[in-house]
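Okay, here we've got a single chain as structure tokens, the form predicted on its own, with questions on binding and movement later.
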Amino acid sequence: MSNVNALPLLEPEAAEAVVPCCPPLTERPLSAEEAERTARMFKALGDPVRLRLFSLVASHAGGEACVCDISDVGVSQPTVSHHLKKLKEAGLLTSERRGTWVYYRVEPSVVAAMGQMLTAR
């Protein structure tokens, strides 16, 4: 006799609606916390090398790229790693190690939320 209980299966939910980090700029003034969080994201994209790396990941097939495919941006590999770290810290990218390589993905919910913030309603 077994004491194992079967867990109910959950139905996959439809794609969750994006909850913006902040309201559209035309809706109301940002709180100090909202401004701080949003500034980190935009600041991370304010560097040309980071913007280029972000673009390389975002435009790569499936929105995911191996670091080996995006490291040719005119700076050394340690500098590429530094910039990718800053993009991750800002919440714009996520990463996953597979063997010796790291794969980066665009965080779609954050990017969509940033876009919604800049869109007038």
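These figures come from a predicted structure and were not determined experimentally. From 1 onward, residues are counted along the sequence shown.
Missing here is the form predicted in complex with a further copy of the same chain; even so, the following discussion is about that form.
- If you check a further copy of the same chain in the predicted complex, you find a heavy atom from every one of Thr26, Ala35 and Ala39 within 4.5 Å.
- Asp47 belongs to the set of residues with a heavy atom inside 4.5 Å of a further copy of the same chain in the predicted complex.
- Residue contact with a further copy of the same chain in the predicted complex: Thr94 places no heavy atom within 4.5 Å of it.
- Interface residue remark: Lys43 is counted as part of the site for a further copy of the same chain in the predicted complex, having a heavy atom within 4.5 Å.
- With a 4.5 Å cutoff on heavy atoms, Leu51 counts as touching a further copy of the same chain in the predicted complex.
- Shown without its partner, the chain has no residue in segment 76-100 with a non-hydrogen atom within 4.5 angstroms of a further copy of the same chain in the predicted complex.
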